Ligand code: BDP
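Just one chain is shown here, as C-alpha cells, and it is the form predicted alone.
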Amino acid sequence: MLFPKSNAHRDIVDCSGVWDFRPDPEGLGLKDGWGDGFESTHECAVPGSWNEQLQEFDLMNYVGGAWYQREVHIPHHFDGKQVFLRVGSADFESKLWVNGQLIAENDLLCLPYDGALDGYITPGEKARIVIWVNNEQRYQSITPGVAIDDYIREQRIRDEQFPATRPDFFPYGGIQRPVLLCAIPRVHIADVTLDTHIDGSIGLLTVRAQVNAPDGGQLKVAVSDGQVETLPIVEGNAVAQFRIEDCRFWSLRDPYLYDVSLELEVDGTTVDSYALHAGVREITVRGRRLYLNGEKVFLRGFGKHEDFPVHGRGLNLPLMVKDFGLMHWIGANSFRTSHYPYAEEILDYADRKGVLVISELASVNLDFRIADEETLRNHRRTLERQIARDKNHPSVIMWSVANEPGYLGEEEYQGEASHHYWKNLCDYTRELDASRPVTVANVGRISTNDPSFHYVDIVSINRYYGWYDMPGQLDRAAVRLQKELDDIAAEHDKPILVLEFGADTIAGAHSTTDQLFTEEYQARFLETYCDVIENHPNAIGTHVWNFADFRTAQNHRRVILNLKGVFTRTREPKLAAFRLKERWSVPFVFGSEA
C-alpha cells in the first residue's frame, strides 16, 4: 500500500477544502440516491471532524450518517493513466461515489481506502465526489458499539455516556484525513516492502517490490549510499538486497534515513518511479528486555490522541509539529497511537525525528459476550491493512492489537474462546510481520489473569491505583502496583510495559496535601508510578496517560475533557510536565540483570 506521491510519472490533486455537507439522521440518503448528488444544508472543512466545526448547528453530539460533496477538475494529463481517489480516513464507515457511481466502501476504522475511477471520469472535465460517512459503532466491530438501551439493560446507568460510546474518548465523525485524487501509470510499481537487519557494522537492506508489469521488464533500485541493482521482473515481483558498509543505523540519537528509489523500465523506457526512506534498524525482544540495534531501550513517553479544538480528530500539521517539539522538550522517546492508527504524516515525522511508535489498532473494549469468528475476521482484516500501511516506518517498533479487551470484566473473557482469539490474532500478526513484537493493552479489571499474556511478546498493562481505586492513597497504590508487576513476572517472565497510568488534573488547582485533581497530586502520582516501574527487573517502559487533555463523551466522571494530560488541550504545561522533564533529562540506567 504505497502512500501517494507526486513525481515525473505520478500526480496528486489534494481535494482538501470546504465541502458541501448534509447530516442525514433519518437515513434517507442511501435510499433516495444522494450518491448522485444532494442539496447541501451546511459546509464542512476537510480534513476535520464535523462535531465542533458545526456545534452551533446542533451537531456537536451527532451520531449517524452525513454526506459530503464537492466538484474537482480532472487534469488533462491524467488521460491514459490509472486514476483513483484515496480517502485517508473517514470514521467509522463510509461509501464513495464519483459522478453517481459507487466506487468504494470501507468499514475499517481510521485507515485509508481507495476506489478506481476508470470509466467514470473524463480528463479535462469536472467530476462530482460524494462521500457518505457514518460514525455509529457497530456491535461486531472490533470497537463494539453501545446504545443507551444497553446501559439500562446491563444496569450500568452510572456508566452511561452521551453520545453513547464504549471508549473513553469522543466519537468524532467526519473525513479526518486528506482526500487525494491520484494518477499513476497503468504499468506501475504496486507495492514496496523494506526489511532491515544488522550484522556488526553492516546494514542489510532488502527491497521487495510488487510490480504491475509483464515479465521482461526491469526494476532499477538505488540506495543513497551509491549502490544500484537492476533486476528482472518475474511474475510481478522483484527483490533487491544491499549490504551497507559502515551503516548509519536509525536510532533515537541518530534517526538517519537512506533514500531508496525505484524505476520501472519496460522495453528500455522508464514508465514509473517511486521513492521512499529506509531506516536501517532492528527491534528484538530477548528475555526480559527490548533491544534497538542490540542495545537495551527503556521507553519513556505517552499515550496520545488525535484531538484538538475545532479540528477534532482531523489531521492538523501545525499541531503535529508542536507536539513533537513538546515531546523533545520533555525528554520523551516514544508514544502509542492510542487507540487507533494515526495519520501517515505523523509516522513520517516520527521517522525523521527518531521517536519510537507503538502502532495500535482501533480495537477498544472488545466484549467477549458478543465477540465471535466474524469479529476475529474483522480484526484480521484491520491488521492486514494497518501492517500494509505502516510496515516501512522505522519508527514503528511494536504492534498493539487491542486496548483493554474484557473491559466489563465479563466472565466469558477468561474462557477458551479468548485463548483461541488471542493465539490466532498474535500468530497472524507475526505471520504478516515477524520483525516487530506484539502486545495487547490489559485493563485493570481483568488484572493479571489475562489470556492474552500467554500469546504476546510483551505484556502491557494500564493501571490507575491511586485514582479510580484507592483514591488519594499513593502509598497503598504503590504496594498494589508492585505486587501486580511481581505476579506477572512470576507467571510469564516477559518484558512488562506500563502503557497507561495517570490522574485527572485541573490546571491551576493546588493543595499542600494529597488531593485529587490538583497539579501536585498528578505530579506525585506519576513520580510514584515511575519509581515502582523503573526499579522492576521486567519493566521496559513507562507511558503516561495522557500527553494532553482530550474531549470525551459527556458523563459524570469528566468535566468535558479527560484531564489526565500533562499538557492542557491547548498544550500549556502542568506541573507534572516539568517534573517529568527533570526526570527524563537523566538517561535511564538499567539495574542488575542477575
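This is a predicted model, so every value here is computed, not measured. Residues carry their position along the shown sequence, with the first being 1.
FYI, the form predicted together with this ligand isn't displayed, but the following is about it.
Enquirer: Quick check for you: of 535-543, 561-569, 41-49, 55-63, which stretch puts a non-hydrogen atom within 4.5 Å of this ligand in the model of the complex?
Expert: The contacting stretch here is 561-569.
Enquirer: Would residue 429 show up as a contact with this ligand in the model of the complex if we use heavy atoms at 4.5 Å?
Expert: Contact with this ligand, no.
Enquirer: Can you work out whether residue 517 and this ligand are in contact in the model of the complex, taking contact to mean some heavy atom pair no more than 4.5 Å apart?
Expert: Taking the distances in the model of the complex, the answer for residue 517 is no, it never comes within 4.5 Å of this ligand.
Enquirer: Since only the chain is shown here, I'm wondering whether residue 114 would be in contact with this ligand in the model of the complex (any heavy atom pair within 4.5 Å).
Expert: Contact with this ligand, no.
Enquirer: Consider residue 161 of the chain shown here, and say whether it contacts this ligand in the model of the complex, taking contact as heavy atoms within 4.5 Å.
Expert: No, residue 161 sits far enough from this ligand in the model of the complex that none of its heavy atoms falls within 4.5 Å.
Enquirer: Looking in the model of the complex, is this ligand within 4.5 Å of a heavy atom from each of 339, 403 and 550?
Expert: Yes, the whole trio is in contact, each within 4.5 Å by some heavy atom.
Enquirer: If the cut-off is 4.5 angstroms on heavy atoms, which of these, 168, 390, 410, 263, is the one near this ligand in the model of the complex?
Expert: It is 168.
Enquirer: Taking this ligand in the model of the complex as the reference, which of 272, 91, 307, 500 has a non-hydrogen atom within 4.5 Å?
Expert: Looking at 272, 91, 307, 500 one by one, just 500 meets the 4.5 Å heavy-atom criterion.
Enquirer: Can you list, in sequence order, the residues from 443-475 that come within 4.5 Å of this ligand in the model of the complex, counting heavy atoms only?
Expert: In sequence order, 462, 464, 468 come within 4.5 Å of the partner.
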